[in-house]
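Listed next as structure tokens is one chain, alone, in the form predicted on its own.
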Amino acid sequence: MRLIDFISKRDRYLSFPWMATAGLQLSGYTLYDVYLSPQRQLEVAQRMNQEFNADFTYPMDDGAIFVETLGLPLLKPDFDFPSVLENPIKTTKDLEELQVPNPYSDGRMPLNLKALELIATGIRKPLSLSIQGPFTLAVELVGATDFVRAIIRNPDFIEKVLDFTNQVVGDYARATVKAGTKFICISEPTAVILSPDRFEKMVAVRLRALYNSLGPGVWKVLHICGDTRFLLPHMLECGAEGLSLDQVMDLSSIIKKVPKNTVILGNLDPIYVLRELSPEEVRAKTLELLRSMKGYSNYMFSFGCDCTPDTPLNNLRAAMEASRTRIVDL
């Protein structure tokens, strides 16, 4: 079954919200309390499912799993996601000193796979997972400024880095599918810096191969932050069944330009709306977004990006309750 078949012909729009750090508020655990315990991963996912009742389940987001396993130094807050402190890969020799991690033995990857197995069997909803894409991982390894310079000055080096990161992400993604993941969203926020031609050569070609390697039974989604109108034709050719779009995008105009079998996800503002407004205002903004999508069966409700760790839980509840409004009642 394709993603479009799963979400269409229903009396309401399905929802896939980005709000994993809300699980830390609900549980009182720190981020690594959860990361280091598959049982706590399951506990938090169950609590999130009870509180917000989304149409998919998902573990705590773990965008740093690749850079951490590869040994990059990280800043590790208790209640927010880790961030890279250094970008050490500057030459081909540096790259050759890295090894592609084995998802079943290296770093926290085996713990994550165990957590996915527990969640997939413990909650009767499709298990979704968001992972960092190969291009964004490559920029993390090299550093944004050096990466952009090397695109011009040392393209062979960039190709080698991208080949490496594609294997890192692909090996892990395939392992997560075996663990029970049904819905994979590859996040390539850094790809917004590329021209359409470079996006096709550096991102789209590799994503097509990666998505294809996951098999036909997995729902594949692509997320890129920012204004991606200029990349949209190439995003549609990446092999994804769905596109997750940032809050700056006007979905009511975008959805008219995509094939009816491509799912569009988005794009309630996680900052101005979810964090700053009252629950009543969040509900109104959610309904406004849903009404703008009325008539499009290939739409799925989501946020423009992950909500912040300090987002009020009552605002999230308001958004999720409003998202379950029947289409005929909008």
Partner chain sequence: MNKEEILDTLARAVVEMNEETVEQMALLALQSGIGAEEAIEKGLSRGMEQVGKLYDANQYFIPEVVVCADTMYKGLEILRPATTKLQNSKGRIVIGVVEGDTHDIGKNIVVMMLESAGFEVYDLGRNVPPADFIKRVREVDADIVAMSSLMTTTMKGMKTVIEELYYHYQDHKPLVMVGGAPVSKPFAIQIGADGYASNAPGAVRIAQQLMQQRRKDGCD
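On a predicted model such as this, the values are computed, not experimentally measured, just so you know. Numbering follows the first chain given and starts at 1.
Not pictured, yet referred to below: the form predicted together with the partner chain.
- Think of it this way: in the predicted bound form, the partner chain has a heavy atom of just one of S253, T145, Q167, Q99 within 4.5 Å, and the residue is T145.
- Between the partner chain and the residues T92, S213, T121, S83, the one pair within 4.5 Å by heavy atoms in the predicted bound form involves S83.
- The partner chain is not shown here, and in the predicted bound form it never comes within 4.5 Å of any heavy atom of E288.
- Although the partner is absent here, P309 lies within 4.5 Å of the partner chain in the predicted bound form, judged by heavy atoms.
- A residue is said to contact a partner when one of its heavy atoms sits within 4.5 Å of a partner heavy atom; N87 meets this definition for the partner chain in the predicted bound form.
- Within 4.5 Å of some heavy atom of the partner chain in the predicted bound form lies at least one heavy atom of F230.
- The stretch that touches the partner chain in the predicted bound form, counting heavy atoms within 4.5 Å, is 191-199, out of 191-199, 168-176, 254-262, 113-121.
- For the stretch 265-298, the set of residues having any non-hydrogen atom within 4.5 angstroms of the partner chain in the predicted bound form comprises I271, Y272, R275, E276, in sequence order.
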